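What follows is a single chain, given as structure tokens, in the form predicted alone.
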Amino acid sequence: MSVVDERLNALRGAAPRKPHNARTLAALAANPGCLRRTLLDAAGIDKGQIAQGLGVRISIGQMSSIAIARGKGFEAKVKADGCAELLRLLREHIGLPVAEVHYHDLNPADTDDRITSRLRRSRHALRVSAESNEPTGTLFDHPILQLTVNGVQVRIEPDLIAFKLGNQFFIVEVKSFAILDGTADSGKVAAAAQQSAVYVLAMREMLQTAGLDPDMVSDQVVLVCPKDFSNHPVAELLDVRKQLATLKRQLDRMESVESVLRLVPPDLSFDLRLDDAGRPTRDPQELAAAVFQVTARYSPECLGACELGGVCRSEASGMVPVLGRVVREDLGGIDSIKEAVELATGLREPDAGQQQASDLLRRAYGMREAALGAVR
């Protein structure tokens, strides 16, 4: 075991390593500048348990029974009859010339069908398809993929279909959020793109491990969603090259986590000291002091992507990051909201590095005062 591995194990304490999945890897790419998340995820620390140990309620990954049922119903509609509806979408909306398709069902065969067996079947089916010169399209329902994260093989059980046309594989991502009048919620589309990038990278790694060309997996992803308020599916192509580049950078950063470890005290530990019932016994104030020794990069989007979002929000109270990433970037060099207000109203003179942000604040404040004066 390397020195870095020993240090990461010491950070985690006696708790077992929490494995990654597609959602956690997508969240990594969504906020690549957060040292706190990078370190905790590299060590395999359960961030939900940390939040609970600090008395903060989390809601990540929790959905209403109605939303879950709607999502399952929509996916079943898209995949019914050997994915007949999906084939229609591929022909009509994407313009793919699909003449004939073979359907591979890689779902669990029974309750004893373990993930290792499904991984072997998925590898075999994808390799055979990749090596085939037949032009026939092939669909793979629920393949098991594998991705190396910080030296650990992470198995991903995606709720997706991999589709091969000619010599190209496409990821098909089925989501239950609606496309209204040709437009969908930008945050949900971004999340779908980030998660799809994880699948693209995992499929590329699987092909490369088999000695095949990883570029056979397209960076164009097929997103399938309900149209308007109906359950009628429509499809669009998403370009995930940007998300792939961000994800690769973050995974490389986790591989070089040694540089992050140099930024934290050598005796730092996030051990919750769980009792026999799995309840944390560590003093919350002591745990909070440990967590806050690692710099976070909070934005409001963290509340929907990271179990520590509520913890980091309370830490950032009164600071510019709580106003969102766009505001934080526009107000570079200004830390607190109080300082921003004082600069906007002329109560404070800007430092050398704050001049551009200060000019922006004063223009915005002047426009606000003019607008209010016009309605008085």
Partner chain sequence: MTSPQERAEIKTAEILTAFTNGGRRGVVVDSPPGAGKSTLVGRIAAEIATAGDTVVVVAQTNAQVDDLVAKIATRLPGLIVGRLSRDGYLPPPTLLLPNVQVASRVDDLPDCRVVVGTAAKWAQVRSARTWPWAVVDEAYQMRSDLLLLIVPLFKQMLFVGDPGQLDPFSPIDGERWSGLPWDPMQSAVAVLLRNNPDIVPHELPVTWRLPASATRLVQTAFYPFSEFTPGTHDDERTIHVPTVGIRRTVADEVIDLAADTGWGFLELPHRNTLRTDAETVAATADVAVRLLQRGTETVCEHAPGGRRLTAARIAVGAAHRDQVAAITRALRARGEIADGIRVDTANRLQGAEFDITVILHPLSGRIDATPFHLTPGRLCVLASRHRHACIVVGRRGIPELLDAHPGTEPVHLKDFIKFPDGWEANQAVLAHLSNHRVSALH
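Positions refer to the first chain, counted from 1. Being a predicted model, the structure only gives us computed values, none of them experimental. The term rigid core refers to the maximal set of C-alpha atoms that superpose within 1.5 Å between the two forms.
Quick note: we don't show the form predicted together with the partner chain, though the next part is all about it.
Contact annotation for residue 155: none of its heavy atoms lies within 4.5 Å of the partner chain in the model of the complex. Contact between residue 21 and the partner chain in the model of the complex is not found at the 4.5 Å heavy atom cutoff.
The partner chain is not shown here, but in the model of the complex it comes within 4.5 Å of a heavy atom of residue 239.
In the model of the complex, at least one heavy atom of residue 328 sits within 4.5 Å of a heavy atom of the partner chain.
Against the partner chain in the model of the complex, the set 189, 223 and 249 is in full contact: each member has a heavy atom within 4.5 Å. Think of it this way: in the model of the complex, the partner chain has a heavy atom of just one of 288, 261, 245, 212 within 4.5 Å, and the residue is 245. Listed residues 282, 253, 102, 88 were compared with the partner chain in the model of the complex; 253 is the one with a heavy atom within 4.5 Å. Residues of 5-29 that come within 4.5 Å of the partner chain in the model of the complex, judged by any heavy atom, reduce to 29 alone. In this overlay on the rigid core, residue 23 has a C-alpha that sits less than 2 Å away from its partner position between this form and the one not shown.
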